[in-house]
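Only one chain is shown below, in structure tokens, and it's the form predicted on its own.
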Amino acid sequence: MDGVLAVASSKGGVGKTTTIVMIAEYFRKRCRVALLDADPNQKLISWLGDETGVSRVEGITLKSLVGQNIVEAITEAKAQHDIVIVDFAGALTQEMVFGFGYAAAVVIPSGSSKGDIDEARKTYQVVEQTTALLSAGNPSFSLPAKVLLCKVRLNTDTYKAAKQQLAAWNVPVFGDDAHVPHRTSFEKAWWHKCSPQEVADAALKKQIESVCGAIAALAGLAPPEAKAVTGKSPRARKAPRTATPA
């Protein structure tokens, strides 16, 4: 198991961080996972890190890329981990092109609003430009990418319109079985600084598994085995029943 997964969007607030935390939890029990936070807002570190920015979760290494060389950081992380997931800034940046060049796949989270879909298209165009640039020197280079619709409800007009617009633009999107639904469990997980899987009900857990499995397949990554890592986690694995926000 060896791969770099890029999670990117030219717009913030579309579900990038939530997507990464779900994927990290999906893989961390059976392999070494590194999360690289290139977003200046550092939301990934805020969610999973302690007061010093160090990962609070067993099996996950967390590193800020603010002010760091992204190529060096990815190369170093690949040498020490099985899966490296990069969270890019919610804007079109030069780092995207550099990071995409090392990725096995790109996931583009997006809401279903017209503005979100427009930005998802822009991000996919960066994927196409990166592929064109790198395949000129390496014809075998390919970079699979798909839009992951987040915070959505199936069978609504906005969801259907989003799918239709992406199809009209020839922008690949995950199927209906792999979407991130609009649920308060995701907000609860952030308050408790745990994975959504830990506070989700059975139906939502099943949906998260479908999403993570589809992303793993896109990147050509083998799914993790069911058996968990032995030993105690540095943090409690169960969240309180009710949120206690500050």
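Residues carry their position along the shown sequence, with the first being 1. All values derive from a computational prediction rather than experimental measurement.
The form predicted in complex with a small molecule is left out here; the points below concern that form.
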Residue among L221, A34, V57, V180 with a heavy atom within 4.5 Å of the small molecule in the predicted complex: V180
Non-hydrogen atom contact D50 with the small molecule in the predicted complex at 4.5 angstroms: no
4.5 Å heavy atom contact, G101 and the small molecule in the predicted complex: no
4.5 Å heavy atom contact, K151 to the small molecule in the predicted complex: yes
E198 within 4.5 Å of the small molecule in the predicted complex, heavy atoms: no
Option from 181-189, 61-69, 205-213, 23-31 whose residues, in the predicted complex, bring a heavy atom within 4.5 Å of the small molecule: 181-189
